[in-house]
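There is one chain below, alone, in structure tokens, taken in the form predicted on its own.
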Amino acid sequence: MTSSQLLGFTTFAYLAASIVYIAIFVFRAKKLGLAASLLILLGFLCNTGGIALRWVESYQMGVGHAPMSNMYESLVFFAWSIAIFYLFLEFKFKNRLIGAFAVPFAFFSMALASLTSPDIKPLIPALQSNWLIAHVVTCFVGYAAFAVAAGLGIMYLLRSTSVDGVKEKNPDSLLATLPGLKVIDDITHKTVVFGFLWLSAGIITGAVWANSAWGTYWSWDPKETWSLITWFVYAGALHARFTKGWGGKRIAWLAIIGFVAVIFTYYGVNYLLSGLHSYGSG
């Protein structure tokens, strides 16, 4: 079996997991909980195996490097990061309804990866650095946390429509089965903090790498600029929460807006704006 075949199976595992998690929410089918958890775990294990196998294949081709150098590989790693972060949340908070809003992001990442070239190619000179793994891992762990935070933000906004003040409008409604607003808000906040710390580390490792590759820590390249914009969105959200007590819908919307900035930083910049990071679209 090749890495492409195993990662193709990963895509279907994440799709199946997404469907089952959504079914648990929509049909209140708690009995499907174990099946959903097993599917996302299976997808994660296949995802892990696919990344490891692709790494081995690159060495067999004589161009050995970590599988994090192009759009295909980064999308695969993005899906892996989302899956492991969600599994952690499910284990910690014992709530599978979060999966209906988080796991689909892992599937969409793999689906996008399937639309790009899976060819293994030699690294360009700028990527031939020990900082490659450190930079990619820190950035994408942060991105994964932000993806889940956006899902939680959507969950909060939906849940808020079923609550009038602190009282349920309809205790028997579908949305009433979601966790309470305070619980969702708290998890969203912790997830954003976690992602912000990793994004900060990603920007720092990227700056150090840029200095070794291009002789400058910061060049206002489009991706660097948008990374900073994204950082300020989340920094602003956290600052407002700590100093102004912001929470609820405001933080939920900022989690969603922040993830839009993440997507443009990661995906949009590569295709719409040319710069030093344009190789990421290859």
Partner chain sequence: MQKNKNEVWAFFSSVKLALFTFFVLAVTSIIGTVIQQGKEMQYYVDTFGAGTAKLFQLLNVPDMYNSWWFISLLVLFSINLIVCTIDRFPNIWRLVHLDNLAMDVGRIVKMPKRQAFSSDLPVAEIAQAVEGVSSSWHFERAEKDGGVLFAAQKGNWSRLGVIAVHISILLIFAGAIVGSILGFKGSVMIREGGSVKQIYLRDANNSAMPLDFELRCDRFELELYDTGAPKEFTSDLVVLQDGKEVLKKSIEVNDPLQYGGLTFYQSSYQPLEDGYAIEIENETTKVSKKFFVSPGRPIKWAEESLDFGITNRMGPYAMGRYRHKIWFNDASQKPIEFWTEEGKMVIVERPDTNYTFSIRQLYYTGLQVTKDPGVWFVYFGCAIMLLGLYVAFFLSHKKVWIYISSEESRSRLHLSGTSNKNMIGFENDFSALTELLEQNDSLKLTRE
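Fair warning: this is a prediction, and the values are worked out from it, not measured in the lab. Residue numbers count along the first chain shown, from 1.
Another form exists, predicted together with its partner chain; not displayed. Remarks below refer to it.
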Inset, instruction - Considering only heavy atoms, tell me if residue 116 and its partner chain come within 4.5 Å of each other in the predicted bound form. - result: no
Legend entry - Partner proximity in the predicted bound form: residue 201 to its partner chain, non-hydrogen atom cutoff 4.5 Å: yes
Legend entry - Interface membership of residue 108, its partner chain in the predicted bound form, 4.5 Å heavy atom rule: no
Legend entry - Contact of residue 174 with its partner chain in the predicted bound form (heavy atom, 4.5 Å): no
Legend entry - Contact stretch among 70 to 78, 162 to 170, 100 to 108, 193 to 201 - heavy atom within 4.5 Å of its partner chain in the predicted bound form: 193 to 201
Inset, instruction - State the residue from 38, 26, 229, 45 whose non-hydrogen atoms include one within 4.5 Å of its partner chain in the predicted bound form. - result: 229
Legend entry - Within 4.5 Å of its partner chain in the predicted bound form, all of 63, 128 and 243 (non-hydrogen atom): yes
Inset, instruction - Go through 209 to 225 residue by residue and record those having a heavy atom within 4.5 Å of its partner chain in the predicted bound form; state none if no residue qualifies. - result: 209, 211, 212, 213, 214, 215, 216, 217, 220, 222, 225
